[in-house]
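Structure 1 and structure 2 below are two forms of the same protein chain, each written out on its own as structure tokens.
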Structure 1
């Protein structure tokens, strides 16, 4: 294993456990403790970890606690998130909406991929602080305390200036005739600006959101490049959407 690969592994273990021991890492990686100590010293010098006697600690304070057991339909959202992450390429600029499905996406981004991610979700921004190669830009504005997202004029102004490769957008409802719709007006407006600022729009759709509509329109189906779902792409429920020329993943 190359030094860079070894150090990425160490960073991953520290993000997972918050602390590691040198002797345990040496056993896991099949190298000497001296090699691990040199790795820890270099990572500490770069400000990525806190070196302590016998091991290292994470430099991140866990201000946000992600309670996996509280996420509805989490197993299917993980399936969907794995498909989304496969679309990410090194160097991309991505706009990411809020929601628990996108939170799962943020958890699964490989450590070695470099991205710039704009988001108005505090939860997603906090989760992405754990990633070594993602530059996180939080879009400031009025805070919706229940959803933990920012909304308002400032959010729209900043989003309108971005030129993103991908828009990763959660959905509250999607219908063949009505397109994508949202529960709240302010969020629906922000999502419309996200779409206008992105080269490709990827809609994240769990099966329970298919063929449902909410109060406020976001966009028509022709504005969507891809639909990523927890279903098999050949599922009969998805045929009407495929006929609209949307790629189903």
Structure 2
């Protein structure tokens, strides 16, 4: 058995098990542990695996880890996110805003669906790298370290050139009369551009945002086509919105 052949076998083994032990490989392949060690060192040297005492691990261990417990009100956001992903159809081009609700959405996209997603959120982009069939396009610009999103004129300029099927937009405030409003001016501006670039707008609204108003206006209710909440679609709180002709999910 050739060296390369053996090393390919080891790589395959690591891909399937995520780890290998030197002594087991030596037995499996009928060579000395020294040889295995040398193989592992070479593979590790090429960055293909991670050598550890006693064997090796897959390097495909994530460099960054998502910390579920730091998401506020997570259960409700998951309920909401599940409804959102049901709107996704194969081949769609989608713009996603930032926020932890959208982050949950990106976690729940089924593996088999093919999408192109534009986002200016670092966290969402990071999360989407785990999805096998989503093409991610990051909208670059100056990074807001607090919100982990890019902001500024470049973001607006880039967004305005996109043509998307769907805009999945987190909200800070929504009200029957005032429409959708935002805390920050910059974000409100970006969201207006997102809306203009999308055929359909879906507003993500957790119950605590209903009937609240923030400082900066984003858009009137008639500009959005769907509201997704963590409530039952027939909840009385939602009736005024349904009456405006918006589909409630």
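Because the structure is predicted, anything quoted here is derived from the model rather than measured. Residue numbers count along the first chain shown, from 1. Throughout, rigid core stands for the largest set of C-alpha atoms superposing within 1.5 Å between the two forms.
For the form predicted together with the DNA, the corresponding chain is the one labelled structure 2. Comparing the forms between structures 1 and 2 on their rigid core, the Cα displacement of residue 24 reaches 2 Å or more. The Cα position of residue 49 differs by 2 Å or more between structures 1 and 2 after fitting on the rigid core. Relative to the superposed rigid core, the position of the CA of residue 227 differs between structures 1 and 2 by less than 2 Å.
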